[in-house]
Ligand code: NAD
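Before any questions on how it binds or moves, here is one chain, the form predicted alone, in structure tokens.
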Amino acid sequence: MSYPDLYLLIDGQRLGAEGRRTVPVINPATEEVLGQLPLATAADLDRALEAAQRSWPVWRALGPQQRGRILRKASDLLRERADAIAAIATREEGKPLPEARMELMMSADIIEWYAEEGRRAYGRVLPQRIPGMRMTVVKEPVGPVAAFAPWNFPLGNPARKLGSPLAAGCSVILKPAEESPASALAIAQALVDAGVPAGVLNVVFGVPADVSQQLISSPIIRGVHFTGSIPVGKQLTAMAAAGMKRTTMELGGHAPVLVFDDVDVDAVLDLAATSKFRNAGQVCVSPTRFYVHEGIYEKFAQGFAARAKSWPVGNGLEAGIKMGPLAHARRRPAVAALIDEAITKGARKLAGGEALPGKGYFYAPTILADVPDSARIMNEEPFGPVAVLQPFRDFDEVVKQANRLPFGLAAYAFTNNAKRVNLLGEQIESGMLGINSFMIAMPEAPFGGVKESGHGSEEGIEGLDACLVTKFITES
């Protein structure tokens, strides 16, 4: 299976390794080098900025209908190329091929949804105050956007970062993750092939701190969209604030799951295992802190452990595999350190807790019970295939535990009590709440958090609005 050549996409041109430093792209399941990725020079970034500035008025002037036709064509191209692109994503990031294909289809849906929603950036006419005066409010594209996407959803994250600004009429400079470059380039190439003009969409790679500093500090950039860790998000927000730039920050979480004693335990466990071990737990909204009512706690814990022990782990290109490796070498010791520290503080290891032998960055699905609040893993996002469990007795206690951390991206709860459902909706502090479901991400719904998990939303009408500014006009 061949791996595509890697390049920078700047002003409609592919720029390869010549004259540029390169870094290897590693298959996390086999540790083989897939290819060499060229990194942008300062001159490359300046060229991308100039292209974004020059092309923005051209793209904006096309209007939402023509932009929408191009985006819809891109979504069709992605679906036509689904098998090939999904295989690239699996080789780069490690997730099982069915997961990668589902992610590709979701990416196509995101771009298609924005193709339609871009036509609905409505303004309004205000009531007349004086005869002959007309007052209107209009929405306009914010301008060139710098977007930064992580590796864990190598197709979906670029689609989110590109769909909303392009639909709004903005130009974009996208810096995807260096771990999964070909996946992001495949998304960008579909948009280019569909007719996005040269310079409107630029893709660069490089040392993250250097790229973000040069792009965000440029007066050309008017908006900054970032998905990643809380510390980096805070740094980028501070940079953007120096130029009063619009920001959308989708940062980390530590999602609580509240399981009450009126549920079908096995049904909840089947959903929980699938969601927890999806993408080896490398999901910002992955369910992690499981608070289970004491009446069903031990049954739930043992059932979760049984599922973890039997979960098929291996190379994501192989049939029947349900969990691939961690995405890069440094993830295994990071996850292991959190697990080991929890065990020293009294946690019970019911399953997993070790790296798997052989090639690849594989780690066993892990279940820890009776994890104390003092353990780091109860306070720091593990970003790996580990679930931590605690029992609870009453409603107020568990809501307090769920809201204990300074994060508020996603939360989940399982109960059949209607009043309790309403109270959870009122009292849980998170940007997204799944009740009796782990499904919280879809193109038409806002995706974002509260507290230190960030601000603003991607997807939904909120994602489009993040790329628009409001202008008030009076005429007399």
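Just so it is clear, the model here is predicted, and its values are computed rather than measured. Sequential numbering from 1, following the sequence displayed.
There is another form of this protein, the form predicted together with nicotinamide-adenine-dinucleotide (NAD), and it is not shown here; the text below is about that form.
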nicotinamide-adenine-dinucleotide (NAD) in the predicted complex has a heavy atom of only one listed residue within 4.5 Å, and of N403, N379, Q235, T247 that residue is Q235
So which of E140, D370, E178, E116 gets a non-hydrogen atom within 4.5 Å of nicotinamide-adenine-dinucleotide (NAD) in the predicted complex?
E178
Taking R14, S55 and V196 as a possible spot, do all three reach nicotinamide-adenine-dinucleotide (NAD) in the predicted complex with a heavy atom inside 4.5 Å?
no
Spell out, yes or no, whether the shortest heavy atom distance between R330 and nicotinamide-adenine-dinucleotide (NAD) in the predicted complex is within 4.5 Å.
yes
Does the 4.5 Å heavy atom contact test between F304 and nicotinamide-adenine-dinucleotide (NAD) in the predicted complex come out positive?
no
Can you tell me whether F290 touches nicotinamide-adenine-dinucleotide (NAD)? I mean in the predicted complex, with a 4.5 angstroms heavy atom cut-off.
no
Give a yes/no on whether M133 approaches nicotinamide-adenine-dinucleotide (NAD) to within 4.5 Å in the predicted complex, heavy atoms considered.
no
Only one of these stretches, 295 to 303, 117 to 125, 182 to 190, 142 to 150, has heavy atoms within 4.5 Å of nicotinamide-adenine-dinucleotide (NAD) in the predicted complex; which one is it?
142 to 150
For 29 to 46: residues with a non-hydrogen atom within 4.5 angstroms of nicotinamide-adenine-dinucleotide (NAD) in the predicted complex?
none
